[in-house]
Structure formats: structure tokens, C-alpha cells
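Next come C-alpha cells for two forms of one protein chain, structure 1 first, structure 2 second.
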Structure 1
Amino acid sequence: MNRFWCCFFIFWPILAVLVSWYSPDMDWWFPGEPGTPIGSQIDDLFYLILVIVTVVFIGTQIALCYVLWTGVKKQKGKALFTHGSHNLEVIWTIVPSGILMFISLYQLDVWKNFRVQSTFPEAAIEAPVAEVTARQFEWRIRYPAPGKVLKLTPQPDDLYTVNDLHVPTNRPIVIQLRSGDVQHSFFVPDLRIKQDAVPGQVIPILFEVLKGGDYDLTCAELCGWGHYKMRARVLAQPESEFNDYLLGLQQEQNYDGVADEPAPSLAQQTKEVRQ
């Protein structure tokens, strides 16, 4: 019976390692390749930490299995009582501290590129693409009118959508994040972008989408009974298509439904704005 329990506790760590090893082949892993440069850095940091904890996990489990197996064989004799080893305590205090210090220093560049505003490109910080306000239970997006710069305070000609964020590709962009009520979290898994929206604060998010596409936007903070349905999309598209989208949105919002003359075409408006 003692050997049964020994094998029982040995089996589970082996199973955990095997499942983790095969999980990428079963799509139990990241949702795909990172769609942003910062996403690649975050993935590299994740894999570094994964290697460290895996080595520690395997090492401690081998030691535990050894103790269990040798303990089963010893049917006789008194158990050894000890107050511990001062040398061992010093070692397992210094080694984890050193590992944590290494990780904290290694990730400084990733943190700087994602959060330190003084390192953001000047053009991106001075002309945010949009303001995203999280609220129970939707994402409200505010764009500047074509040809204008987004202000912190809403302007009469600003453009609005709900749960549909469009961004240009292949250039650094900034999104201004707000919360209209409680704490939310702006999370786009495919882009590896995650930032809490805190009431009373305007938080800039810097990223660059490398490939056009439709990406899921979710709230990663439990924010109320409707948290589960707080979903939206981030549509990344070339710069010209993004500009056309803003012009179309402006035309749609400004049309009063009774104008005698048809609204100017998107091509005409695009030409005027670019001039």
C-alpha cells in the first residue's frame, strides 16, 4: 500500500510535464504568432520564465520522488528529528532571490517599451489614433475628425463607434484608455496587449500592428454581471483604408437624412483631406 501512494504522487508530476510538452500540438497554447513587436518581446520573456520554473519544478519533483521511494523501503528505525540546516536555508533564500533579480532586470526593456511614455515615438504620442472608454458593458471609441488631432476633451466634430476599433497597420500608434465607471482591462490576446482601465485616469497604450486583420478585444477584469459579454473587435487595416473608414464614419454621422444633394463621395473627401 505504501508503494501505491508513492507511485500515485510520482505519476502526477510526470503527467503534468507530458501534457505541457504536447499542449502546443493540441492548440492549448498562445492564440497564434504575436501581431506586434512588443508581443514578440513578451513571448520571449514568457518562455524564459517558463524554462526557469520548469527546471525548478522537475528538480524539486525528482527530490520529492527520491525521498518518497527511499522512505518506503525503510520499514524500521526511528525517524530523524531536526531543526533544519542553516546552510540550506541560506542557499534556498539566496538562489530564488538571485533568479527573481535576474528576471526583474531582464524585463526592464520590455516594460520600458510598453509603459514608459518618455520612450514613446513623439509622433504617436502627440496624435493618438483613438480614445477607448471602457464601461459596463461596452467599449466606446472616439476618433478625431479626419485631418484633426484627438483632444483629451471631446470636440463637436469627433466621431464615435461602439465595440469596433479600427487602427492603421505598420506604424506605432497610441490609444488613450479610460474607464467610465469601474476598473476594466483592455485585452487583445493576439496582439499581446493588456492594460487596466482605471477610473479617473487616461492611460496611453503604445503598439504597432504588423499584419492587417480582425482581432478580438475582451475585458480581462471582472467588472460586473455583464463582464462575459464585454467583447469587441480591433480591425487593423492599411493607412489608406483606415482614412477611408474615418471619412465614411464622418459622412454617416453628419448626414441628416433630408439633404437635397448627395453627400460627397469617399474619394472626393479623401482627396480634400490629403490636400
Structure 2
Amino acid sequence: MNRFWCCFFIFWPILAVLVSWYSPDMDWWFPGEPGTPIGSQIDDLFYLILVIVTVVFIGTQIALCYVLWTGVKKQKGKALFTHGSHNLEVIWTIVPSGILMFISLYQLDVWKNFRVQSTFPEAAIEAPVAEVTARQFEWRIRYPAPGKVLKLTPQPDDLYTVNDLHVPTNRPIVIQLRSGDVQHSFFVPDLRIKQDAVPGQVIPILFEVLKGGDYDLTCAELCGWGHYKMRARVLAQPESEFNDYLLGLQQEQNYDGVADEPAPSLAQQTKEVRQ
């Protein structure tokens, strides 16, 4: 029975490693390739830590089972009488602290370059693409009129949408995040972006989408009973299409409902919005 339990305690780490190993194949893993530069760096860092942690995990679990196994076999006589070893203590203090120091310092740049505001590219921070206001339970989006710069306070010619955030690809952009009521969090898993929306605060988010496409936007901070259903999309498109989209939006918003026929691009754009 004793040996059974030894096997039991080595069996589960093996299973854990196997499950983790096959998880990407089973699609129990990242939702997709990261769509942003910071995303790739986050993933790289994740894998680096994963390797380190896996080595430590396997090492400690094997050590644990090894001492259990020898302990099970030792049934005669007295146990080893020792109160510890100064040398071992020194080794297993210094080695982990070295590793931890390495991990800490290694990641600082990623954080600094993407999150600390003073390092944001000037062009991006001066002309935010849009303002996103999270509310129970939707995302309201405000763009500046084409050719204008987003102001902190709403302007008469601003353009509005709900739950569809259009952004241009292939350049660093800034989104201004607000909350209209309680706390929310702007989470785009494919882009590896997350930022809490705090009532009373305007928080810039910096990112650069590399590939056009639709990305799921979800809320990651409990905001009430409908928290789970704040489903929305980030629609990334090349700069020119993005500009067309804004133009279309402007025409639609300014359309008085009397003129014979809306501008051609509008019809097309409304269709796209409705899709």
C-alpha cells in the first residue's frame, strides 16, 4: 500500500505534464496567435516562464517522490538524525533568487514599453482613435469626426457606435477607456490586451493590431449580473478602409432622411455594420 501511494504522488504530476503538453492540440490553449506586438512578447514571456516552472515542477515533484520512496523502504532502525544543512540552505536560497531576479528584470522592458504612458509614441497619444465607454452592459464608442482630433469632452460632430470598435491596423494606436457606471475591464483575448475601466478616470490603452479581422471584446471585471454578456468586437482594418468607415459613419449620422439617396459608400457601410 505504501508503494501505491508513492506511485500515486508521482502519477499525478506526470498526468499534469502530459495534459499540459497536449493542451495546445486539444485547443485548450491561447485562443490564437497574438495579434499585437505586445501579444507576441507576452506569449514569449509566458513560454519562458512555463519552461522554467516546468523544470522546477518536475524537479520538486521527483524529489518529493524520491524521498517518499526511500522513506517507505526504510522500515528498520531509526530515521536519519539531522537538523538540516547550512550549505543546502544557502544553495536553495541563492539559486531560486537568481532565477526570480532574472525573470523580474527580463520582463521590465515589455511592461515599460507598452504600459508606462511616458513611453507611448507621441503621435498615438495625441490623436486617440476612439473613446470607449463601458456601461452595464455594453461598450459605447465615440470617434472624432474625420480630420479632427478626439477631445476629452464630447463634441457635436463626434461619431458614435455601440459594441463595434473599428481600429486601423499596422500602426500604434491609443484608445481612451472610460467607465460610465461601475468598474469594467476591456479585454481582447486575441490581442492580449486588458485594461480596467475605472469610473472617474480616463485610461489610455496602447496597442497595434497586426492583421485585419474581427476580434472578440469581452469584459473582465465583475460589473453586475450581466457581466458575462458584454460581448463586442474589435474590427481591425487597413487605414484607408478605416477612414472610409468613419466617412460613412459621418454621412449616416448627418443624413437628414430627405435627400433622394444616401451616398453610395453609406449603403455599403450600413450593410457592413449590420452584419
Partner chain sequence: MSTLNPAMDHSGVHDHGHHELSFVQKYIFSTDHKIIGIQFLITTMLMLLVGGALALGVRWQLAFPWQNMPFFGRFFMAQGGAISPDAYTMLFTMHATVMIFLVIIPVLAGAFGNFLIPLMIGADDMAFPVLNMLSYWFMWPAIFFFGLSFFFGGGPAAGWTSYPLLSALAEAAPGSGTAQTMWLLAVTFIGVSSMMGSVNYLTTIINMRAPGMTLFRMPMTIWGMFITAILQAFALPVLTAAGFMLVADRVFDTCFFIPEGIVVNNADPTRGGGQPLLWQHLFWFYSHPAVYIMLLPAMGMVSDMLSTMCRKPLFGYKPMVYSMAAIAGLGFIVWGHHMFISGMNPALGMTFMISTMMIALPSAIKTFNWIGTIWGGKVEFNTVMLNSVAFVSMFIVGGLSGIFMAAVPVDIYIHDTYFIVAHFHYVLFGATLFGVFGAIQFWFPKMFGRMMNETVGKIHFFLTFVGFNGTFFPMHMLGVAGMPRRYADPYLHPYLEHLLPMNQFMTVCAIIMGFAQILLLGNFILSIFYGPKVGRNPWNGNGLEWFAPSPPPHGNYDVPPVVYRGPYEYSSPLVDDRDYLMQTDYLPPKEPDKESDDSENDSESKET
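Quick caveat: nothing in here was measured; it's all calculated off a predicted structure. Between two forms, the rigid core is defined as the largest C-alpha subset superposing within 1.5 Å. Each residue is numbered by where it sits in the sequence of structure 1, with counting from 1.
Here the form predicted in complex with the partner chain appears as structure 2, and structure 1 shows the other form of the same chain.
Core-superposed comparison between the two structures: CA of residue 126 displaced by less than 2 Å.
Relative to the superposed core, residue 162 undergoes a C-alpha shift smaller than 2 Å between the two structures. Of the two rigid parts that make up the chain, the smaller rotates 12° against the larger between the two structures.
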